[in-house]
Ligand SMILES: Cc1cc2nc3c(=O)[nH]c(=O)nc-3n(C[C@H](O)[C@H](O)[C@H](O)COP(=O)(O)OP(=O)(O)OC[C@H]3O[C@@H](n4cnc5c(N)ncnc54)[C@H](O)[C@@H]3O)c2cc1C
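Shown here is one chain on its own, the form predicted on its own, set out as structure tokens.
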Amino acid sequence: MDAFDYVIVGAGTAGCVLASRLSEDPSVSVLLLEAGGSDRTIWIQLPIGYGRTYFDASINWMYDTAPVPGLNGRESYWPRGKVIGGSGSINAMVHVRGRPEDFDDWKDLGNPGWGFDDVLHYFMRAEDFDGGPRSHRGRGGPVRVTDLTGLAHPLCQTFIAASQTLGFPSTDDFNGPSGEGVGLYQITTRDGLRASTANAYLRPALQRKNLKLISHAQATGLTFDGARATGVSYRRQAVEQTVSARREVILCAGTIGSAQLLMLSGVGDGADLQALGIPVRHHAPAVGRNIQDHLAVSYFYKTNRPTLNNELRPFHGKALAGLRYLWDRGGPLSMSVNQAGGFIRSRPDLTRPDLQLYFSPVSYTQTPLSERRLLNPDPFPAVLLSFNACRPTSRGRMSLSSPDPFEYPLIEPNYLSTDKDIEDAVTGSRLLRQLAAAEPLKSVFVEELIPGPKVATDEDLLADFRDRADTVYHPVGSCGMGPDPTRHVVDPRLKAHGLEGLRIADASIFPTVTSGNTNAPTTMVAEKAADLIRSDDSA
């Protein structure tokens, strides 16, 4: 049996960071296991190509949830990366840390060392921000963060101006000291290519002799000696293999994968495991609970000015965009379509932003969802406005559907199960209408295509939200961090409660979902986890 000091499960956003940081010490050996394969495809590396990966089973787990009562019994489609780089290889590349208060909340929930002042250093260490020297921003780190000032579609400024008409402030940096307001999103690209942690951290680190990556290796279970995790079993090319960890096993398989692997290994709610015939290794009732996610709805507007539809719908437009990209790695192919947005307070008496806004100068109202991977927008100029609540209060769960590691688990998001989330759905929907009616957007918008003027009352808005809202692909929390073993899975040092030699370091440990996109805080968690591991080893 092969043995390494550290065995990391999952070469996603967090796993790539950890493998790189831990292997900086030449005296230790690191193995990184990944269920998927190579990320070296044009659709991953080309920034706008993420639309093509949306339904690609070769690089995407393509989960479906159970029917959601709050969404009128609809299932929710959850794409997650099954590829080197994980979901960071198929996401929209928006770089948002979250609000400082999000991390102070983590600390106040019993997690010392996780307040914003504690984690800021890790955000900065990860970054190579190209927007010039600014306080709170990092330079020279692995992940290039691109400022879209001067690059985004001109209608983004129209959106910003309309938001200011409603009294919302503007900001030039959502990740700066005053990140509240509306503005342009920053994205993780370098020289016109995706700057995933696979590209930024893992690929350079693979030159080291003490780091080994095994792809197409799906973990099927953890091995134990009593309460100590000793290794990982995995299947590769139909062959079961086991590798041992001399120091630690570290799970970085994400909100779905990490919780699923724990349960398959007998770590979870004892009654649930016994019902499936899985021997209980450790009763951990919090595994798979506490799932949180951002739920959004989009409103589509036809415009009297050109949008990205005009550039990317016709064949000659696609050709010109391709030539531009080949010439200088610029133009619309080098960016995400999520170009502008913001974090705003829906009421002035609130102490922090409660809604996240999105403005995309593109629309897909005539393209079936399953065909959006063809990158074919509407044949007329149009845009979309979206929102989600920053901190939803609904909590979901996941559980095993079978003891077979190759059967997908049961995911129950439990969206809109609280009065607060229902209230936010109506508030945000009403706000989108207010934005559309504010100048200068009002003069640009010709017609509301979806949902249309027939959706008018608060009851209509909520009914429409239930019919159309869906995930923004930010599921977190299934292995939540905290001090109580009955309610949390890992402690503040990311060690699994009640077990030894086992840590979890990915978005599953978030006690509460952050305000915004979750890729940047996942990178931060992995950066901090590397320091925690090295500190404990040297103690």
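Remember, predicted model here, so these are calculated numbers, not experimental data. Heads up: residue numbers just count along the shown sequence, starting at 1.
Separately, the form predicted together with the named molecule exists; it is not shown, and the next lines address it.
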So if I measure heavy atom distances to the named molecule in the predicted complex, which of the stretches 448 to 456, 409 to 417, 87 to 95, 381 to 389 falls within 4.5 Å?
87 to 95
Just one of A340, A217, A205, V145 has a heavy atom within 4.5 angstroms of the named molecule in the predicted complex, so which one?
A217
The unique member of I48, A35, V513, L31 whose heavy atoms fall within 4.5 Å of the named molecule in the predicted complex
A35
A520: touches the named molecule in the predicted complex, heavy atom cutoff 4.5 angstroms:
yes
Though only this chain appears here, would P332 touch the named molecule in the predicted complex if you measure heavy atom gaps against 4.5 Å?
no
Could you tell me if C252 has a non-hydrogen atom within 4.5 Å of the named molecule in the predicted complex?
yes
Contact label in the predicted complex: R80 to the named molecule, heavy atom within 4.5 Å:
yes
